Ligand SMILES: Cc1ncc(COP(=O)(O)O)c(C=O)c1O
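Before any questions on binding or motion, here is one chain by itself as structure tokens, the form predicted alone.
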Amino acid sequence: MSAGFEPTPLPDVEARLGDRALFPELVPWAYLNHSAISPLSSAARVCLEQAAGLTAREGLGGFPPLNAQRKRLKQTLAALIGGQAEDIALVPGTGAALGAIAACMPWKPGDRIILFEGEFPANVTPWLQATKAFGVEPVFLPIADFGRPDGPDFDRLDAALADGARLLAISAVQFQTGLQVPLAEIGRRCRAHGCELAVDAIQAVGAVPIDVDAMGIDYLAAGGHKWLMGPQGAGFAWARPEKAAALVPRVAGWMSHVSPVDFLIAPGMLRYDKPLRTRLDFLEGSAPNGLGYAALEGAVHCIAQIGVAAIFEHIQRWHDAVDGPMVERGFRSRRAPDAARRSGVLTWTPPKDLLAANISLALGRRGVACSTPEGLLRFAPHWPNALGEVPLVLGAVDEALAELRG
């Protein structure tokens, strides 16, 4: 914590599986859109409002306790991924973090980077920009190799790694199908070939267990507005300390220096040649989103209370209850046959005579919030969703299908 300053207090709440008491204003009675944007809990709002109140009352005087609060948040986030707080950087979101890391990599002309077809653009666009700027060669592989019914196929990945690659970038969970890729095995193969592993974890952290050491991850980024249930514009990144130290700080700002604010307190301290921090928090180069990170801590506090492993099991029970009945209604499940490849996301291809977008709109009129990436119907429940919702959701599906079919 910041010396001499106490962080703002954590909210006195109890988060319980299947209980949405902390969401008293949420309108949809079945909110299945956590893979898109999560609603803010009252715990997050309490933290947001107390941070806003502190700033309203104290102005600059509110900065030290909020800074201490952010240090505590880093400890909680690090615990969620099996890392250390000093290796965490608070950033606006996944794309911003990966863009900064891509810009700061010590690339050499002719380096190769392995990317995957069908990935969310947040984990493709930043790396493609780096290929253009630094003469790096992109190599695309099919993500479907990891979702085969008979198990992951590593043949193409092994061949690409054997040809030489500086970095492999992949999402822990695929946004369309919910496929959880075999990160530990991918990480092992990357290490064997001297290839670094960068992971977009926005569809995983908070709902899927992640261990950066066990999975061999070198860089990880996650926005806070999905499974962490925080606000947009407040996320985090992590890097192994030796990897962060090797980055070229091309995106450093004035707050990236060691002791960046001492010149605001003492005379004769204004210098531009002070060293930059060598851990990933050099990415925190400007004024922080204090209110956003306060709200994120309130949200993550609830997740830490329950535990990610318990949340994951709860979501799988919800999915188990809904998947078979949806198939009986003519939907084709995209759920991975292997339980180890599943996540918080469950999607279906709709019946041939209907569009997923129209089904989603019809469900929305009945109080069920869901989404439709690439024409699939996507349900993404989280810890507040009760198992008792499932029969009611299926009833809403029946009504929606009857309405759309006239």
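When you see a residue number, it is the position in the sequence shown, counting from 1. Treat the numbers as computed from the prediction; the structure is a model and nothing was measured.
Heads up, the form predicted together with the named molecule isn't pictured, but that's what we're talking about next.
Every residue of the trio G93, D200 and K226 has some heavy atom no more than 4.5 Å from the named molecule in the predicted bound form.
This chain appears without its partner; in the predicted bound form, the one residue of F175, F146, Y219, F282 with a heavy atom within 4.5 Å of the named molecule is F175. This chain is displayed alone, yet in the predicted bound form one of F120, F331, F312, W107 has a heavy atom within 4.5 Å of the named molecule; that residue is F120.
Only one segment in the set 191 to 199, 291 to 299, 120 to 128, 245 to 253 has residues whose heavy atoms sit within 4.5 Å of the named molecule in the predicted bound form; it is 120 to 128.
In the predicted bound form, none of the heavy atoms of Q180 sits within 4.5 Å of a heavy atom of the named molecule.
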